[in-house]
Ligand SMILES: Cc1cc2nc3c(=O)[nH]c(=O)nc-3n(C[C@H](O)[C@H](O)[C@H](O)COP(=O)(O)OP(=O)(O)OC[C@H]3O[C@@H](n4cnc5c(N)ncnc54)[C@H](O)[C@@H]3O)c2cc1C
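Just the one chain here, laid out as structure tokens, in the form predicted on its own.
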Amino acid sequence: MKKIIIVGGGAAGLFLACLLANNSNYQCTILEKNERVGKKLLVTGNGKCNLSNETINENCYNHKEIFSLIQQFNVQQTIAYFSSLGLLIKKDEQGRYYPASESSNTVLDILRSYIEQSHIPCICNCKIEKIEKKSNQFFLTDQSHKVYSCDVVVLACGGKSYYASCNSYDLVHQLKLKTTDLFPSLVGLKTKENLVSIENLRCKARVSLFQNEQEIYTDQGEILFKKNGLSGIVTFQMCSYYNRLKNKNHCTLMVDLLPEYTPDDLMHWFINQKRPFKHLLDGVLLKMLAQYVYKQLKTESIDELIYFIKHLPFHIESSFDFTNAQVTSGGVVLDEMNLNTMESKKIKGLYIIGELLDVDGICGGYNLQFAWSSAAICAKHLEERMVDNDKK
């Protein structure tokens, strides 16, 4: 029986353990640095755990080839597997899948329960600080200098998002694997503008990311104004595309505060209002937001007023930090990996799945789907590997 150590008890690691639970060829152990597994899973989808999305396509990820990987263990297979574990699932109008309970605790409970029933050890408060391979064995040393040995290592220890500290990349560097630059993703964007006057206001808007005068991406949804930037799901989407830019200079968010109305609609509305100019936005925008728009104007011109309602600019300084991010942009270079097996090309028996890889998707269940799919591909290869060994 081969020994497998899964480093990381997050979404990918737990899913892999479930998939391997009934395989008598392997003895799995999960090593988790936190006091309990699945901590980050609990905060996904605003605590509701957006499991996946039926609208996945190649444009949902930073690398187009990830879509073909997802197809190897697709959305329907993912939902079917969770259903087989006993998780009741529902889909919303946008094609996003959630547990019927709308609580990520339910997802974590179903994974942990199956792992416990399968007698797979989960050793928590175990932070691996050293990893090396000698002959055909891996040796992992934790913070207490305890050494674990195994035949196969799966690094599912996640990225820098959410946690105050992360040594996942130290481990891959010890193994001489390359990583890209790392950025926080699916997080708010800091702006050069001072937004204290509209802090904590929310509104539905269309937001477009521009670099110089070139539009990079546009989307519509709720934005939340912070004192030093913008947050909310639609901003998270902008952040995904912003952090993929090699040169991040001269980036601006253009916000359309009234996307349902054309400039002509607004002109017709305003010229028929028998009110002073400074009261034209009464009943149109939130009071503090209206005052912010007025401050952008140089003249009392309805044309200028309409322009700023439809093109309110926010100049991006940077994204917020990793502690607020849902995902890490960047990671282990994909050229280091065989994406059909999730095994390292350089080190036999070393597998990497989930967020530790240079894969990040937009907001809406796409990153969790990659966690499930990469774990499933890894599990399938491990099973096929044992079959091939038996034949030999």
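What you are looking at is a predicted structure, and each value in this text was computed from that prediction instead of being measured. Start at 1 and count along the sequence shown; that's the residue number.
The protein also exists as the form predicted together with the named molecule; that form is not presented, and the subsequent description refers to it.
Only one segment in the set 330 to 338, 43 to 51, 343 to 351, 63 to 71 has residues whose heavy atoms sit within 4.5 Å of the named molecule in the predicted complex; it is 43 to 51. Put simply, Thr252 is far from the named molecule in the predicted complex: not one heavy atom of it is within 4.5 Å. Residue contact with the named molecule in the predicted complex: Cys18 places no heavy atom within 4.5 Å of it. The closest heavy atom approach of Ala11 to the named molecule in the predicted complex falls within 4.5 Å. Taking the partner from elsewhere, Tyr162 is found to have a heavy atom lying within 4.5 Å of the named molecule in the predicted complex. Among Cys239, Leu230, Val107, Cys157, the residue placing a heavy atom within 4.5 Å of the named molecule in the predicted complex is Cys157.
Interface residues of 122 to 136, taken as those with a heavy atom within 4.5 Å of the named molecule in the predicted complex (partner not displayed): Cys126, Lys127, Ile128, in sequence order.
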